[in-house]
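Shown below, as structure tokens, is a lone chain in the form predicted on its own; questions about how it binds or moves come after it.
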Amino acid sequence: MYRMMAAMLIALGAALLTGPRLIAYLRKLHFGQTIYELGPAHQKKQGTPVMGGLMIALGVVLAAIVCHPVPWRGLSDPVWPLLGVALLSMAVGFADDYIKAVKKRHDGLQPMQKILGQVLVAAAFSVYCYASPAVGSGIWIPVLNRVWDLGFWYIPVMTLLIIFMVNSTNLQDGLDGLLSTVTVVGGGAWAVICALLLLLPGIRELCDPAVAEVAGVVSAALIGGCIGFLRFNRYPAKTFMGDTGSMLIGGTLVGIGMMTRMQVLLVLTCLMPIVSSFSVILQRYYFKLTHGKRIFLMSPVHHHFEKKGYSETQIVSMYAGVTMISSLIAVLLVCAGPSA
């Protein structure tokens, strides 16, 4: 628990200390956001420095290493694959941001380039988890308190899960402070869940203690990094995290869920990013089926609320409240596990 608190404070400090210099440097390089959307009037945000997610990444990596539970397990230590899926997911986003900001190609990476990068990262991490004695091919089912072994199907199913979650967090990053706020709340739930995995009888055997400790430290570091980032990203934002930050967050959260074998709880802790994805999917297919009709005024659905007249801060507060309720349910499901 003390390591988790220390990790949160270190990541928070790293973001607060590096933020001003990073923003100034990004502005000097003209790494600014280009606004092309046809929906809510965000033109005033034109040129806001992007890639601010780098300060979150720095905090997470630094805190994960400094506060790592002892003893270290060398190259087989669970911190490396967890940081790996987070940073490699971020790398795909960084490449996308770089092309947008420097090459001035507003589409960034070509769709096939982006999906190929994500597939390679997702498949590699899924194979690692499948082959790892500390993780394996089982996933815990809440309420039933049973582990469902997917066998070899674990690899393709988890590969799709990673891609879906990384893109869901990317879609959620559309308003000042939105993704970072819901991540603080959802990440807080994961920190509590990891602590419970170390304490609760009947649940402890579901996850290797070393994995639970590392996942808890990384969860806390993500919370601290996002709180520090909010200092510069809350409305009106001085910087955006970009795909760099949103894909880092997606990779980190899904990595924690997979390594603790509690992937099902991602539905609750990451509810609003998932809602964003489904709003885009529903809008697209409904538009095609009805030859031009729409369910939402604009998707992802947070832009629909903007069109309805809600302010960015109101939408962020609403999303945070829903995430808090769904995350509390996730924690209660873990607490109820031993007696199920």
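Don't overthink the numbering: it's just position in the shown sequence, from 1. Please read all numbers here as calculations on a predicted model, not as lab measurements.
One more form of this protein, predicted in complex with another copy of the chain, exists but is not displayed; see below.
J.: Thinking of 9, 185 and 335 as the candidate spot, does another copy of the chain come within 4.5 Å of a heavy atom on all of them in the predicted complex?
T.: Yes, the whole candidate spot contacts another copy of the chain.
J.: Would you classify residue 115 as touching another copy of the chain in the predicted complex, given a 4.5 Å non-hydrogen atom cut-off?
T.: Residue 115: no contact with another copy of the chain in the predicted complex.
J.: So in the predicted complex, is another copy of the chain close enough to residue 314 to count as touching (4.5 Å, heavy atoms)?
T.: Within the cut-off, so yes.
J.: Check residue 24 for me: does it contact another copy of the chain in the predicted complex (non-hydrogen atoms, 4.5 angstroms)?
T.: Heavy-atom contact with another copy of the chain at 4.5 Å: absent for residue 24.
J.: Using 4.5 Å between non-hydrogen atoms, is residue 321 touching another copy of the chain in the predicted complex?
T.: Judged by the heavy-atom cut-off of 4.5 Å, residue 321 is in contact with another copy of the chain in the predicted complex.
J.: Heavy atoms within 4.5 Å of another copy of the chain in the predicted complex: which stretch in 221-229, 76-84, 242-250, 158-166 meets that?
T.: Stretch with heavy atoms near the partner: 221-229.
J.: Using a 4.5 Å cut-off on any heavy atom, which residues of 182-203 would contact another copy of the chain in the predicted complex?
T.: 184, 185, 188, 191, 192, 195, 196, 199, 200, 201, in sequence order.
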